[in-house]
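As a starting point, one isolated chain is supplied in structure tokens, in the form predicted alone.
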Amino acid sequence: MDRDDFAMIAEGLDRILTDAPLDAIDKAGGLGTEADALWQTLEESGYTLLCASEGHGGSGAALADILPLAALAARHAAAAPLADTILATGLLSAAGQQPPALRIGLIDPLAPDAPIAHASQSNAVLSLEDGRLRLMRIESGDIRSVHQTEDGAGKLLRQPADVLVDCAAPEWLIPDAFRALAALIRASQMAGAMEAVLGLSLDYTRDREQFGRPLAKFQAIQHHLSDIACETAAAMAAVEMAGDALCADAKVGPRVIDEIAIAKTRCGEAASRVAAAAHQAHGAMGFTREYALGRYTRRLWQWQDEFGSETEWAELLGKAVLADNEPRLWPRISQPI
């Protein structure tokens, strides 16, 4: 897939999400007829099979191509399991299986008891255990929602009995690689949400006046805006570098996991700072349900922890460096793949 093709795909997704009633879908928790209609449009447009092979009806895109679309969906605060489903269908296709037309959540193979993002919005969940990919259909009674989480995150009450696919995973797809791919998607989503927060903060502080001049003219507010812009740029750069590494090694080798560890750590750190600075710049307005900021910051706080917090990924990277015969961080992470 060349750049022009992918730009067209991204523009198409942007149009679909711009036209969709995302605010209403978000307030309904990503459920209901409007959410179903959006998902049907995404399916019919081929987005859910982006990384599946052409033989399975997909576009044959690389797994790294999920990242820009994940960021785009996050910029729109779309309450739908799009990025997780694209990864799931891509992995099933790589295992030689025809991906079914379902909304799919992902079970963290290194923390199977952790809440599953989009659980109540999904028809199925994908797990990796003992070298096998298992796609299991879930019903509403199988899920217990987790209080104060976004996008219908929930825990499985019991092991789903309806196993739709049970197959050997590709040899390279070990639990560390599965989790790293999912973590990179979360990092990309965080970067996309931070871009949206930056735009909201700039617009609000330019339009809102206090003591006869726009908020953006006050030095204290300018410091907050500067912090948001710097952290967002750093997060985007970290995701881009990890994406480049994944392009160079699609089988998620140790160097790719290093880059993903950096991206998830950096985005997690940036998310805390961006959310805090944005709420400071908005004042009480940022906490109201009527205003969009909370839709982004609540997701930022949640995505920080999904598929490994920044602390977990920083420790993983540190242990990998210390395990070298000559432990040196910079030479390890700056070496071309």
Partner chain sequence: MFQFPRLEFDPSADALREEVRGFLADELQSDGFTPAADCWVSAADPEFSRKMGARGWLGMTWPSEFGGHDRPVAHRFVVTEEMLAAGAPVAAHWIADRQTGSHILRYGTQEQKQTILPRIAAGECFTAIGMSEPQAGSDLAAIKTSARRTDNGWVLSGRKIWSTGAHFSHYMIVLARTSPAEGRNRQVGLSQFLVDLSLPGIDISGIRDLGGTPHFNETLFDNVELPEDALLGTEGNGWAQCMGELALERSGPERFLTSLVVLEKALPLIAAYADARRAVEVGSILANLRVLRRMSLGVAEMLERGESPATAACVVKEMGNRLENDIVQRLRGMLAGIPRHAWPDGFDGLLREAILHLPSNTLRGGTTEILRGIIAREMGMR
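Residue numbers count along the first chain shown, from 1. Please read these numbers as outputs of a predicted model, since none were measured by experiment.
Heads up, the form predicted in complex with its partner chain isn't pictured, but that's what we're talking about next.
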Partner-facing stretch of 122-130, 76-84, 109-117, 195-203, counted where any non-hydrogen atom is within 4.5 angstroms of its partner chain in the model of the complex: 195-203
Heavy atom of Arg137 within 4.5 Å of its partner chain in the model of the complex: no
Contact flag, Asp244 vs its partner chain in the model of the complex, heavy atom cut 4.5 Å: yes
Any non-hydrogen atom of Thr232 within 4.5 angstroms of its partner chain in the model of the complex: yes
Interface membership of Glu315, its partner chain in the model of the complex, 4.5 Å heavy atom rule: yes
Every residue of Lys217, Leu225 and Glu259 near its partner chain in the model of the complex, heavy atom within 4.5 Å: yes
Contacting member of Gln40, Thr33, Thr311, Thr288, with respect to its partner chain in the model of the complex [4.5 Å, heavy atom]: Thr311
